[in-house]
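Presented as structure tokens, the chain that follows is alone, the form predicted alone.
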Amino acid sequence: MTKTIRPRRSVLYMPGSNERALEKAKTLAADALILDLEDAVSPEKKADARKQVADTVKAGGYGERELIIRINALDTEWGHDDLEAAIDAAPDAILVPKPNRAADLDAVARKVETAGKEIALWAMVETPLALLNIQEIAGCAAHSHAPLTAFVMGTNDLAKETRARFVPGRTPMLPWLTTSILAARAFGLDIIDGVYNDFRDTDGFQAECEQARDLGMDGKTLIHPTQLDAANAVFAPSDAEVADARKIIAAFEQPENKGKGAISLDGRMVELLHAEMAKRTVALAEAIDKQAGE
């Protein structure tokens, strides 16, 4: 699969058992939708939710929004049936919960390959073992038929497993977040921040989005549609950033600057690495504009 830049500013969890919510999602300004068969679905509804999600993905109608199915873990009574249904439905990606090591993703990848499909994998990072094995897990980007393409931080589960407290600024979690970002970038993965639980606290949500973007994340998982606008705004390049990026690109394309590793622009030193960053900024902005035009 060729690596392309896709906006993943807002990744909204949708309960797979809620038909009305799944239909409503077709009108929401989310970059991606996680159709959830795991935490959001009670045990007695899992079989019905599985069929509903698979039928929903097959029917389409979601435009440019990425569709991701989060299955139950393979060591649960629902996991293997979820995986078979997800492979048959062929979403943009399958989100694997609670992987502790690369082998947990390898098992899913083998099922995808055996089925003759090409479906990307996303991985939750939500256990202490996953954090200890994060480089090994990130290496699953090399899978040919089911490459790992994104991490999703499961901050609620990490808090549960470690007994860390949720505090403003997330100081207890910063080492885990930054380590996961490093592993993601080392293997060419996107990384999506965990949810913010109080969707009525708009100021707190805004601050956490800004922190995640400053740390280097690509977007945030959301639990409510009211969080969409803020996430989309925070994780998108501003008009000023895009304008500056275009100026940097144009400057390096001038004949007198061809082959130079660094140039002076508006009184500052700009290097080729800044030009590469600028190209990504412009590409992301163009991808967002294209998506908005659909």
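The structure displayed is predicted, hence computed values, not measured ones. Residues carry their position along the shown sequence, with the first being 1.
One more form of this protein exists, namely the form predicted in complex with a small molecule; it is left out here, but the text below deals with it.
Quiz item: Which residue, Ala40, Ile263, Ala47, Ala29, has a heavy atom that falls within 4.5 Å of the small molecule in the predicted complex?
Solution: The residue in contact is Ala40.
Self-check item: Any non-hydrogen atom of Trp78 within 4.5 angstroms of the small molecule in the predicted complex
Solution: It does not: once the small molecule is placed as it appears in the predicted complex, Trp78 has no heavy atom within 4.5 Å of it.
Quiz prompt | Proximity of Lys24 to the small molecule in the predicted complex, heavy atoms at 4.5 Å | solution = Judged by the heavy-atom cut-off of 4.5 Å, Lys24 is in contact with the small molecule in the predicted complex.
Self-check item: Partner contact for Phe199 in the predicted complex: the small molecule, 4.5 angstroms, heavy atom
Solution: Judged by the heavy-atom cut-off of 4.5 Å, Phe199 is in contact with the small molecule in the predicted complex.
Quiz item: Within a 4.5 Å heavy atom cut-off, is Arg70 in contact with the small molecule in the predicted complex?
Solution: Yes, contact at 4.5 Å.
Self-check item: Listed range touching the small molecule, judged in the predicted complex by heavy atoms within 4.5 Å, from 239-247, 254-262, 32-40, 49-57
Solution: Among the listed stretches, the partner-contacting one is 32-40.
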